[in-house]
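For reference, the chain that follows is the form predicted alone, supplied as structure tokens.
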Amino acid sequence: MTETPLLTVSNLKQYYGTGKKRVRAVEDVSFTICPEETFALVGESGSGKTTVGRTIIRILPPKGGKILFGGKDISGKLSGEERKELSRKLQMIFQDPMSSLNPSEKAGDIIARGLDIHRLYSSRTERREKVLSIMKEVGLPEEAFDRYPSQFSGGQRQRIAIARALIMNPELLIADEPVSALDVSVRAQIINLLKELQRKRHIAMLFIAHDLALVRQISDRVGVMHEGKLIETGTAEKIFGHPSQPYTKKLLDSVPVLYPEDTGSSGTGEV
């Protein structure tokens, strides 16, 4: 990991609506992510963490502040070519794999969408080979190429979504609650897969979640969001061992205790 940030978010603002109905969803949020680092944003539903991720990837145009990616300002108006370049380097995995996959497309075509847009193959044979290679990497069988999303389990659908993102060889992956819609039995498999792919491909990750147990497992640094503001940041060790904000302590107290001798907490419920 280097000291030069891959992503720098400075005083980011985002709101919905206008006039008296305007709701401030994100207010003056600032953080950095270095190459190969995992930075987690945590907080309760409605805290603004997903809005931050969607603003960084430009699903939502920022209402204020600055976003630098690879040293380039991406917070202003982008040309079509700039958007295409950004989409190659910055990819997102969404919370619900079923709603994020086109039900009328076969898995192979869903995964190849980025290749098609950017013309990253010279023949249909090369296209298929690239798709089958990433499918194998995420643990999907070859026969999945010609099947539809409805024919897969939730965990398999999320593997398709991961393959679709990683086939572009991004530098930064935004994972927005990537396992919250999955059965408990497969969550650990997907988290371990993300960690292995990140290590193998040397990519950075913004991991958005409300489940602090998962965040502790996967993150290098953590940012805690509350009512649209980033109230505390630090290493995972610091946040989980020595939180400075009362709200962070409240979140930690609500995490189920797996190893009481390590945490010293008596929390009983998931955030």
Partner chain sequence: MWSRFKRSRGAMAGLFCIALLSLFALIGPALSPYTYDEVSLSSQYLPPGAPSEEYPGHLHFWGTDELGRDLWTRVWMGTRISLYVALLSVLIDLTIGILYGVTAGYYGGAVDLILQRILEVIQGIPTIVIVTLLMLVLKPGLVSITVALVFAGWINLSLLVRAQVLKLKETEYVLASKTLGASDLSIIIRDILPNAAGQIVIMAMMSVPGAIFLEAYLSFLGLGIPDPMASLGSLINSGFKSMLLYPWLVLIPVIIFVLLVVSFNLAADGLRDALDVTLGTSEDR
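Not measured: the values here are computed from a predicted model. Numbering follows the first chain given and starts at 1.
Omitted here: the form predicted together with the partner chain. The next part is about that form.
With a 4.5 Å heavy atom cut-off, would you call Pro141 a contact of the partner chain in the predicted complex?
-> Pro141: no contact with the partner chain in the predicted complex.
Examine Arg54 and determine whether its closest non-hydrogen atom to the partner chain in the predicted complex is within 4.5 angstroms.
-> So Arg54 counts as contacting the partner chain.
Evaluate Phe145 for contact with the partner chain in the predicted complex, applying a 4.5 angstroms cut-off between non-hydrogen atoms, and reply yes or no.
-> Contact with the partner chain, no.
The partner chain contact at Ile117 in the predicted complex, heavy atom, 4.5 Å = Contact check for Ile117: yes, within 4.5 Å of the partner chain in the predicted complex.
Please determine, with the chain shown alone, which of 84-92, 129-137, 71-79, 187-195 has non-hydrogen atoms within 4.5 Å of the partner chain in the predicted complex.
-> Residues of 84-92 come within 4.5 Å of the partner.
Ser99, Asn102 and Gln151: each with a heavy atom within 4.5 Å of the partner chain in the predicted complex?
-> Yes, each of Ser99, Asn102 and Gln151 comes within 4.5 Å of the partner chain in the predicted complex.
May I ask you to choose, among Met168, Ile160, Val179, Leu173, the residue with a heavy atom within 4.5 Å of the partner chain in the predicted complex?
-> By the 4.5 Å heavy-atom cutoff, the listed residue in contact is Met168.
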